[in-house]
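Just the one chain here, laid out as structure tokens, in the form predicted alone.
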């Protein structure tokens, strides 16, 4: 029956929750986007503004999602129906479910690329990449192929479905407890390898990579760079898509939400910076120039692995790192959709995970083929892949986050948020008026990020 309450599973411990929430936050963007934008927009100066933006944008929205989820013990749509019955606020939750559905459809395509490159590295496929141009041509041949991207897209979605199918404790919790430590080990090994490449010249160049990433250059921290930091602070934490709200709904009242949120933020930022150390020390040590986005990951790095000592092993580890990061994020996206159909439509979890996982795979077919056979199809001047990305990240996620903050201010009230945050042994001491002021400031920051994203280039 629609809207009927179904008893929920809960996380086995705070550590299990932090691993799962951290896994949701740590994704592909942490591995390539954050390190690159940090270097481009001022190194340590950018990181400082980014951390400030996390406190003003990321932390408030994250706490709201956790608090609403735990208070209602429901996923996005059911949560807003419970807190504001008879209103249209449930559309905020519905937007999160839809956003997760769309994002996962093309996110899985990218994740499939990383799976393909694990095997390419494993079987010596990088050996002939004598330059980034050769690597670029090889990647384009793969991405434009009419079958191969679909196969890797299917394999990745199968893994996601398999984990969500098993439930919260046996699936999401168990696999995150395995994948997150493995992720940490791999990123640390790669970072150490980048710093310790042999040879005086290589070592000095590796130090230039650290300088590129960490040395503060306030002349590069322009207004545009500040907006980029604000936008990334919001998007990197998987906010606005209902993932953190859904994960929060599996929490008991014994858990301290503020400590848990801070742990997730620390993990997310630490992984991003370690990935930056691994990438840019290696890039600079071997005489290459940093690039952005997929150009760095699929064009430059494979050419580097082709010439560096032990590059075959490092290539396997790096693309395994990417695949695991993508998988832990994708799990949370399918869980949002699955939880909605379990709670609001009365579906059995197994059926919901399989049916909607397959539906997401099918929705991802056009974006997967938009680099090749469907490349000439354009909507609003964009390929289908770019259109999905544009609609979700430019509109749905920031609007979802903004509406959550406004809902808390207008309907749920800051006093209710504070009551929830003070559970679990929290020593939070803040007045209702101060909380209201902070929420208004947070709403302004999110609104600025949304508007800047619509008209900016990043």
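What you are looking at is a predicted structure, and each value in this text was computed from that prediction instead of being measured. Numbering follows the first chain given and starts at 1. Basically, rigid core = biggest C-alpha set you can superpose within 1.5 Å across the two forms.
The protein also exists as the form predicted in complex with a small molecule; that form is not presented, and the subsequent description refers to it.
For the options 323, 152, 236, 260, the residue carrying a heavy atom within 4.5 angstroms of the small molecule in the predicted bound form is 236. A heavy atom within 4.5 Å of the small molecule in the predicted bound form is found for exactly one of 332, 114, 176, 299: 332. This chain is displayed without the small molecule, yet in the predicted bound form the stretch 241-249 from 241-249, 270-278, 206-214, 139-147 comes within 4.5 Å of it by heavy atoms. Residue contact check for residue 25: one or more of its heavy atoms lie within 4.5 Å of the small molecule in the predicted bound form. In the predicted bound form, the small molecule lies within 4.5 Å of some heavy atom of residue 29. Of the heavy atoms in residue 361, none are within 4.5 Å of the small molecule in the predicted bound form. The shortest heavy atom separation between residue 107 and the small molecule in the predicted bound form is within 4.5 Å. After superposition on the rigid core, the Cα atom of residue 357 is displaced by less than 2 Å between this form and the one not shown. Once the rigid core is overlaid between this form and the one not shown, residue 231 counts among the residues whose Cα shifts by 2 Å or more.
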